[in-house]
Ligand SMILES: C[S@@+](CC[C@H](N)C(=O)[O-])C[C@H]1O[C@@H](n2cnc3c(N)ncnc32)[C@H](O)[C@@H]1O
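Take a look at this single chain, the form predicted alone, given in structure tokens.
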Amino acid sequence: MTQTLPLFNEFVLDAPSTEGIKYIGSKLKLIPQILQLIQKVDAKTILDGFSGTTRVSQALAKLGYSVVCNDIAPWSAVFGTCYLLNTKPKEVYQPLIDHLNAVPPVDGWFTEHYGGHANGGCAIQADGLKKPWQLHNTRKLDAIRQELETLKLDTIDKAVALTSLILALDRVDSSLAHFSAYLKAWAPRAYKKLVLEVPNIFTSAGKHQVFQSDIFELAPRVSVDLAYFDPPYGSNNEKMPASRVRYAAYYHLWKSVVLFDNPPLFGKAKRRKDTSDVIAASPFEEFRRNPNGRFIAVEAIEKLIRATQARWILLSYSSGGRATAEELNEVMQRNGELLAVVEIGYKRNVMAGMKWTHKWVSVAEQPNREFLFLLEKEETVLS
């Protein structure tokens, strides 16, 4: 069904090392292919519109691109600030990290809601709820997070410290890579001691910017050569209920760590109320159709493409998403020239180009396919 195009070499480009947390939908394994596609066009400035853990932004910055890093999540903005805006060598931060590691543990808000006793291996506590961390680590979290407020650090230094804290918490949690549910039995890593390390920060030549904006508000305001979009996917499962956990809710705890605002909580996972399905819904995750019978998620993709001030757009999408192959293809054809469609097979680690539109459309209808679309926008759409 697929043919290898001259566009790609037999060996995939080696990608720079990046750092991040466990994340559903992470594009870590796709970074070499993403970079290889970007290097086929004459782009110097790139918008990473849904940056998440910022691994793609980190890789682009290390390769010399000027990156506009954006995500609506505050913890993602912290990661972006840490990795893209820092100008100090790594060793400068070691005294700060040593100081935070030495802070005596205390009982605080995180311990009250998210800390659990070992219970001989069972994470279910006396209140009947499972917890994401053991008490010895939430007590350190409470102490460190309070100390960061006391220190009055500047924005970049605080971002480095918060990134260090989140990375450390990620190494000792008892979750399934998200915080909408926790494990019944403590994960072996949960018994380990919370220890902060200096993040793998770096300096780069590009002029970077970091935003925490709604992508529809930001896209018309920034002009770049290429925009990379990896939006959250609305499920194409027709049985999916109207109310379900959204991406924002999967990582509500990182938001609480960053904001330190002790928000109202709800549910067994003690999610933030401001990450409830109604409040935190994204049109890209929407599974409903509009009154005209068109999927709202597909409309959102086309609206974003039209609003983006870039010559090229690289879109990552999964066959498990709400947009069907036929609909997505129609959106592309209306808004420019589809330069390449790439299917990535995770298990076989292969990369193949679709030479003709009907080929990728037919393949995309099969389950569990990941695609990259490189689109050159029409001049009328750009204007």
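Given the structure is predicted, the values throughout are model-derived calculations rather than measurements. Numbering starts at 1 and runs along the sequence shown.
One more form of this protein, predicted together with this ligand, exists but is not displayed; see below.
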*Does this ligand come within 4.5 Å of any heavy atom of Leu60 in the model of the complex?*
no
_Whether Leu47 contacts this ligand in the model of the complex should be assessed with a 4.5 Å heavy atom distance threshold; does it?_
no
*Using the partner position in the model of the complex, report whether Gly25 sits within 4.5 Å of this ligand, counting heavy atoms only.*
yes
*asked:* Is it the case that Pro199, even though its partner is missing from this view, gets within 4.5 Å of this ligand in the model of the complex, heavy atoms only?
replied: no
*Considering this ligand in the model of the complex, which of Val172, Ile215, Ala300, Ala269 comes within 4.5 Å of it through any heavy atom?*
Ile215
*asked:* Can you work out which of Ile296, Ile97, Ile72, Leu129 has a heavy atom no more than 4.5 Å from this ligand in the model of the complex?
replied: Ile72
*Of 329-337, 48-56, 61-69, 35-43, which is the one stretch near this ligand in the model of the complex, taking non-hydrogen atoms within 4.5 angstroms as near?*
48-56
